[in-house]
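Next up is one chain by itself, shown in structure tokens, the form predicted on its own.
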Amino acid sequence: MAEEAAASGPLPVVSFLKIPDGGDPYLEGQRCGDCGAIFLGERSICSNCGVRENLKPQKLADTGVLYVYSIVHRSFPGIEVPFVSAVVDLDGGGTVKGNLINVEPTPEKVRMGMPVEVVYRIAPTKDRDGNEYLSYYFQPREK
């Protein structure tokens, strides 16, 4: 495999994380033009109502509420534990899985329904070509 140069800026860690030139990063979903359901990732069929070819890109909110979580105590080598794996219902629609940061990973500090916000950070490691990746996380927010 030929050596490739690193990208000039961070790359998105997932396809639904958008990094516009000169703008702030955001999460993008697909909204059904018939029923209004919102999904992550590109698709051509709405899994809620079954309509075809009527989904349009939608910028998702950077705020939401914690739907469910798990405190992870065992992971791959090199991954610091414990950490909080979370599923968040975003304000205005869309459900996203990610890690909850900036909170003590204990049941006393994390509660379902707590308000959270999306934050964007450079991932802690680069790939073998030297590329950095931008990732998203959730953190508690004031109501």
Partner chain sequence: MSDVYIMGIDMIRFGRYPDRSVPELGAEAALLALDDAGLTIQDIEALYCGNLMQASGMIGQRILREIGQTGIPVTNSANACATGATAFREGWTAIKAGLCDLVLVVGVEQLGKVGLLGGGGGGKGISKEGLLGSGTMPCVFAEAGMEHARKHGTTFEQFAKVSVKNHAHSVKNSKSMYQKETPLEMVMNAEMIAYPNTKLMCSVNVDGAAAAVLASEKKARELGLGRAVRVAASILTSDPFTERDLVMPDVNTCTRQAASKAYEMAGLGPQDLDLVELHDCFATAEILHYENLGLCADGEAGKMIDEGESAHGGRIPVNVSGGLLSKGHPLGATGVANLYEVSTHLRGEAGSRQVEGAKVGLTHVIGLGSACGIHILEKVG
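Owing to the predicted nature of the structure, the values given are computational and were not obtained by experimental measurement. Numbering follows the first chain given and starts at 1.
Below: the form predicted together with its partner chain, not depicted.
Candidate spot Tyr67, Val96 and Asp127, all three in 4.5 Å heavy atom range of its partner chain in the predicted complex? Yes, all three are in contact.
Heavy atom within 4.5 Å of its partner chain in the predicted complex - the one residue of Thr63, Asn54, Gln58, Ser85 that qualifies: Going through each option in turn, the one that passes is Ser85.
Partner proximity in the predicted complex: Gly33 to its partner chain, non-hydrogen atom cutoff 4.5 Å: Gly33: no contact with its partner chain in the predicted complex.
Answer yes if any heavy atom of Ile38 is within 4.5 Å of a heavy atom of its partner chain in the predicted complex; otherwise answer no. It does: once its partner chain is placed as it appears in the predicted complex, Ile38 has a heavy atom within 4.5 Å of it.
Looking in the predicted complex, any heavy atom of Tyr133 within 4.5 Å of its partner chain? Within the cut-off, so yes.
Look up in the predicted complex whether Val14 has a non-hydrogen atom within 4.5 angstroms of its partner chain, and give yes or no. Within the cut-off, so yes.
Note that its partner chain is not shown here; using its position in the predicted complex, name the residues of 71-85 with a heavy atom within 4.5 Å of it, in sequence order. Those in contact are Ile71, Val72, His73, Arg74, Ser75, Phe76, Ile79, Phe83, Ser85.
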